[in-house]
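We begin with a single chain expressed as structure tokens, specifically the form predicted alone.
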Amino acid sequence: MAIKRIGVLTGGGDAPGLNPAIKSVVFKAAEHGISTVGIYDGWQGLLGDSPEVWELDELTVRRWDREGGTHIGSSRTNPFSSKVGGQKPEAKIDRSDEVILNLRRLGLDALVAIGGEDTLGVGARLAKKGAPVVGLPKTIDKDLGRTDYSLGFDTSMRVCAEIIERSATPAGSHHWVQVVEVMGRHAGHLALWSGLAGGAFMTLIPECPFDMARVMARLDERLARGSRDRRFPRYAVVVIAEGAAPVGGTEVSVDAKKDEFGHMRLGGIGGWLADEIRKRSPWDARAVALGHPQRGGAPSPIDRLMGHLFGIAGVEAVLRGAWGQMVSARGIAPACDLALVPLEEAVKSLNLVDVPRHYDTERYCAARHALPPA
């Protein structure tokens, strides 16, 4: 079947690198005489009787690679468990057939879906139902399986590292513990590597429940030493991922509501930790949650390059008719290899921090070795 018209959508949280990927899809498709349609607001845009779309061309997207976020919008809509207008919030039904119907209504020969575990999980299920879907990986958490890189990670890591480094200045001036909460529901990649780059004293991640007694012992050792000898620091910066939890404890959430994929909105573990430090010690502690700005702003050169490469590969996958496949990266641009892996495998298991190799569970920080065990 000749490919004449394709759609592109972005789902889940926005991330730097989405607009570069969209631009690359449009340019590569145009090389083959294929028109591209932007689907507004992720899977939500393919529900209902009148999908909202944007006809994209090279002139329209020519500067998009320099801009953050996603110009075609995003949502956390799950067509397989979606709310129905006019009914109670808990009333959800399978509306996936509407998505397939609207692909036909729009005359789309293929769809490039850019997202993380949830967005691409929907893509995998739609592909099983016969929908011509190809996936591109995006998540600042870097927790998507079968790929070394997901769009947004590098930019977000740089933003977090800069704030972590800046946090040391007021903490040092006032001799307090500064707790910095960053994103990371299941995986601690963003917290661990931005903490290392930003010079944090300690980093707490979801993969390793932390022992408060151990946390306090390490803080007491550092701050007491600084009190005795002014050559040593009398402050500490502690980075904590939003999904981290103490031993025997649970994640801290903003409220009890869940999205259509069953996730609660996490947040507040940093404030909880700062409260505990104040209760258990003479040290003052302050907390800051970086929130959504950590994934805002213009994409870094790495995310622009990876968006460019992912977009090209996505269109090439469409031309091959590789439905139900995701573009996977081994390495990071410019030294990376791209391949196709089944969407179903990419979302089957999460890419978590390799604790034995990369995390020192005694020090709660990045392990100080680089080679795998002999």
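Fair warning: this is a prediction, and the values are worked out from it, not measured in the lab. Don't overthink the numbering: it's just position in the shown sequence, from 1.
One more form of this protein exists, namely the form predicted together with ligand F6P; it is left out here, but the text below deals with it.
The closest non-hydrogen atom of Thr139 lies within 4.5 Å of ligand F6P in the predicted bound form. Of the heavy atoms in Arg295, some are within 4.5 Å of ligand F6P in the predicted bound form. Shown alone here, Asp154 lies farther than 4.5 Å from ligand F6P in the predicted bound form, counting heavy atoms only. Ligand F6P in the predicted bound form comes within 4.5 Å of no heavy atom belonging to Lys83. Exactly one of the stretches 225 to 233, 145 to 153, 176 to 184, 102 to 110 approaches ligand F6P in the predicted bound form with heavy atoms within 4.5 Å, and it is 176 to 184. Taken together, the three residues Arg95, Arg125 and Glu344 all stay farther than 4.5 Å from ligand F6P in the predicted bound form, as judged by their closest heavy atom. The partner is absent here, but in the predicted bound form a heavy atom of Arg265, alone among Arg265, Lys129, Arg278, Arg166, sits within 4.5 Å of ligand F6P. This chain is drawn without ligand F6P; in the predicted bound form, the residue among Arg158, Arg76, Arg286, Arg218 with a heavy atom within 4.5 Å of it is Arg76. Shown here without ligand F6P, the chain has only Glu242 in 224 to 259 lying with a heavy atom within 4.5 Å of that partner in the predicted bound form.
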